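The form predicted on its own is given below as one chain in structure tokens.
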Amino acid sequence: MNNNIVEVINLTKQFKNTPVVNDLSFSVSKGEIVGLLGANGAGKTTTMHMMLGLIKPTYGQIKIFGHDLDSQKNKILKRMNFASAYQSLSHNFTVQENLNIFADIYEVEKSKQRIEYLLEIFEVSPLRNKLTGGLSSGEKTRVNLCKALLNSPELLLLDEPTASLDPYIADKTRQILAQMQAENNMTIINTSHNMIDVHELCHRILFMQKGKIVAQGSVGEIMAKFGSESLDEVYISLSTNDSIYIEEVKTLK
């Protein structure tokens, strides 16, 4: 039985005939937390946006929950969610209004209780009646995470989930995500430049460079393969060494 929640098959996205994502293939199993890493411009965000149906691939296929994303998008998106530190909810609505709207969109059962619970655990309850546009960047990040967890998604896509958060809240956020993942066997794909997030959350990591995966494996496997004492060292090496992209000799199966 196929246990894959996500299957990306020969995915390519070109802008003005230049490939940003280049014949990319990978899969993610149910209950896995996978880190999608790489320098700015590696193709991570473009890949995530294609998985959300926001950008149409030039070539290739994305299957989520065993269904083709292109033909079953609405059905698929109801079972997943997304949060980014770089996107905000409507600035002209309060936090409560924004969350109420998305609870309706996702048809969340007992939505009032669910919203209360999320506001409480992310410590943003006092902000419920503030306009979202007046929040700090860290507060917006936490409200976005509340939105992303409203429907208890089977698949959660995260783009820099702890960016703009102070160390205490960042640590608490990692604990919340780990607990919810364990309780619900949730599948998570996480892009991050914060190696603490990767170390503490991810079961497996995929390094991207120039739209391709150039290395993959657990944190320990990756560090051993590159003879490095820290994931930061591997990150810097992969992000600055074009020969790794050309040879693709470091990819772990």
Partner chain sequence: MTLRPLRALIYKNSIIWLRSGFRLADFVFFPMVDLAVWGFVTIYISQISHALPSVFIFMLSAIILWTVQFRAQQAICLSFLDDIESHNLLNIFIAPVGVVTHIAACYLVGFLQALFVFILQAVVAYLGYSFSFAVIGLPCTLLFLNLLFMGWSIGLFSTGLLIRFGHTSATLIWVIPFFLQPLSAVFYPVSVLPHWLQIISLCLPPTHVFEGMRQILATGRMDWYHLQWAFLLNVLYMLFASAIFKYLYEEARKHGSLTKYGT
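Positions refer to the first chain, counted from 1. Because the structure is predicted, anything quoted here is derived from the model rather than measured.
Missing here is the form predicted in complex with the partner chain; even so, the following discussion is about that form.
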93 to 101, 177 to 185, 164 to 172, 117 to 125: which one contacts the partner chain in the predicted bound form at 4.5 Å, heavy atom to heavy atom? 93 to 101
So in the predicted bound form, is the partner chain close enough to L54 to count as touching (4.5 Å, heavy atoms)? yes
I'd like to know whether C146 contacts the partner chain in the predicted bound form, with contact meaning heavy atoms within 4.5 angstroms. no
Even though the partner isn't displayed, in the predicted bound form is E221 close enough to the partner chain, meaning a heavy atom within 4.5 Å? no
Taking the shortest heavy atom distance, is Q87 within 4.5 Å of the partner chain in the predicted bound form? yes
Note which of H193, H49, K225, R204 lies within 4.5 Å of the partner chain in the predicted bound form, where distance is taken over heavy atoms; exactly one does. H49
Taking the partner chain in the predicted bound form, would I9, S29 and F65 all count as contacting it (heavy atom within 4.5 Å)? no
Residues of stretch 65 to 91 in contact with the partner chain in the predicted bound form (4.5 Å, non-hydrogen atom): D70, K73, N74, L77, K78, N81, F82, Y86, Q87, S88, L89, S90, H91
